[in-house]
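Next up: just one chain, as structure tokens, the form predicted alone.
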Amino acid sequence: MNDIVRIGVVGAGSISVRGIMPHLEQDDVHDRVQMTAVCDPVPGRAEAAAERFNIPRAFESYEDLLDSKSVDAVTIASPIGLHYEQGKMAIDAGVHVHFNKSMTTTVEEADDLIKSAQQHGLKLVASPGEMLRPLNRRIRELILEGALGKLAWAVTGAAFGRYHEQESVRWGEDILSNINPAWYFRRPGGGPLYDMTVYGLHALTGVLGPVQRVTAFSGVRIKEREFRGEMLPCDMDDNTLLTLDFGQSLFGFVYGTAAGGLPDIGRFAIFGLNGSIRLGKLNGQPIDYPESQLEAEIGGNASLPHVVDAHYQIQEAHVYEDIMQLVDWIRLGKPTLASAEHARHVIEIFDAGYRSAETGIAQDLRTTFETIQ
């Protein structure tokens, strides 16, 4: 067992300021993990974050953070289009990596990271770890037990709306509260699939298993967005509809759209000959599992193993949980369900979907991941 994991925070943007750094600043984790460095390319932002969250070292350059030898692991919370390059640099430096969603933008990039980490004996954990949630694991059990009978189809998705423009860290005047959201709408790595639909698709594939084939329509619906008087150009697809083939004529419908959404879907819905699972309910009745009462009283993140006490009230608790999964793996040799292989499969679905939309041809998938038995 290693005593304490020294972790660096890569990017002092929205998810770090609202979630990652407030969680890792809490006293109850300091016997296992401590933030030792933060970096951000915006002049002064890393220094401001370091001062607010009691982090000893701040860098504008990611390379300088890695060269400082002050971290054993990094949590990469930069724009998604940077994740592959930054992950590869961390691996080359001998550093373990947690990726905020999504891990990469292409399946080839994910292949390379996984292979490189294995060659260097390093550990990768990729958000979102949706199968860490007891409800999702119980839903998989119910389906395997035949609670829905023969399955017919499933659906999940998310919409951008104006969510990112309205986050609390966008409208202030200081450097930690005036963070521009422009990257969410640009290539590479922008768009609702990598950023939002990824949650429901991780859960759906975790429950139903890997996908075999994808077909899709996709394009840019909103060409410009206004933010604080500035017009932000949008060149990443923001309106994508995917059809998934799980095999044996079991299909899924997945969307990542510019606006709107199915009103009662939540994370996902699954339909079979004997009924449905929607909003965490089996045929309209709450699903019972050991943590269900705690979740009902406190909230959906309360069932995650490391989310206790003060962590209940801090945003992005699920990301904190994924980071702690990496910490446990490093310290205790305990692998996690938030695996890079599962993340790679979801990324291939998105990657194949964009190719299908461009070519008009359904795309066969080649990746898989280990499902819960």
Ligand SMILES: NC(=O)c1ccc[n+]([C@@H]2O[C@H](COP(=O)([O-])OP(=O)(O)OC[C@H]3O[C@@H](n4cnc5c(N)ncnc54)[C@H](O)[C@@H]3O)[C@@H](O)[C@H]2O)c1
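Don't overthink the numbering: it's just position in the shown sequence, from 1. What you see is a predicted model; the values in this text were computed from it and never measured.
The form predicted together with the ligand is left out here; the points below concern that form.
Scanning Asp245, Glu167, Glu295, Asp111 against the ligand in the predicted complex with a 4.5 Å heavy atom cut-off leaves one residue, Glu167. With the partner omitted from this view, the residue of Phe253, Trp171, Phe271, Tyr163 that lies near the ligand in the predicted complex is Tyr163 [heavy atom within 4.5 Å]. Only one of 343 to 351, 50 to 58, 328 to 336, 314 to 322 places residue heavy atoms within 4.5 angstroms of the ligand in the predicted complex, namely 314 to 322.
Heavy atoms of Tyr199 reach within 4.5 Å of the ligand in the predicted complex, making it an interface residue. When the ligand is considered in the predicted complex, Ala147 lies well away from it, no heavy atom lying within 4.5 Å. The ligand in the predicted complex comes within 4.5 Å of no heavy atom belonging to Asp237. Among heavy atoms of Trp183, some come within 4.5 Å of the ligand in the predicted complex.
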